[in-house]
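The data below hold one chain only, encoded as structure tokens and taken in the form predicted on its own.
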Amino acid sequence: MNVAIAFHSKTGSTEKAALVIKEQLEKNGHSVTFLRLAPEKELKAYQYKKNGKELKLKDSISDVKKFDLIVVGTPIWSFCPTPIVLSYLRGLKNTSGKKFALFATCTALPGTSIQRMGSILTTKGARILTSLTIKSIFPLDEKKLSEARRFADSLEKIGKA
């Protein structure tokens, strides 16, 4: 499979999980494009519009036509996906019929973050295959990262379906 992994990470936890997913998919023989989402202008978390509208991203891939599977990851900010991820999802092109897997990292309750991301994508005709939420008040340890590894292994099976 040709896989894209797009994620936003402020403290590094989501990036660690994304990297484990990438490594596991590559270990299983898949081609992976790794994309760290970032705004053109970095702000403090509270300065972003919560809905992510009108937020410009730098160096993001908006056309997902060439990918068999797109994995999108976000930290949870105030029970929501980050505005950066919401902006990315809204800007995606050629999502109709495409397969997506979503993941989030959080220290407390994830709220409806995964459902919110899924709603944006399904209105664009995408298929949400699976999701994962990794909860930890501490930096991600091997036990938590193994959840990401198992998630990547499950992507191989369901991505081919």
Ligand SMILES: Cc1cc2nc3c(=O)[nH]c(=O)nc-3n(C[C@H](O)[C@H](O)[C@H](O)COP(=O)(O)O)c2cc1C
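All residue numbers refer to positions in the sequence shown, first residue = 1. For clarity, every value in this text was computed on a predicted model and none was experimentally measured.
Although it is not shown, the form predicted in complex with the named molecule is what the next lines describe.
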In the model of the complex, which of the listed residues (Asn28, Thr107, Thr122, Ser62) lies with a heavy atom within 4.5 Å of the named molecule?
-> Thr107
Would Ser146 sit within 4.5 Å of the named molecule in the model of the complex, counting heavy atoms only?
-> no
Does Lys10 reach the named molecule in the model of the complex if we count a contact as any heavy atom within 4.5 Å?
-> yes
At the 4.5 Å heavy atom threshold, is Pro75 in contact with the named molecule in the model of the complex?
-> yes
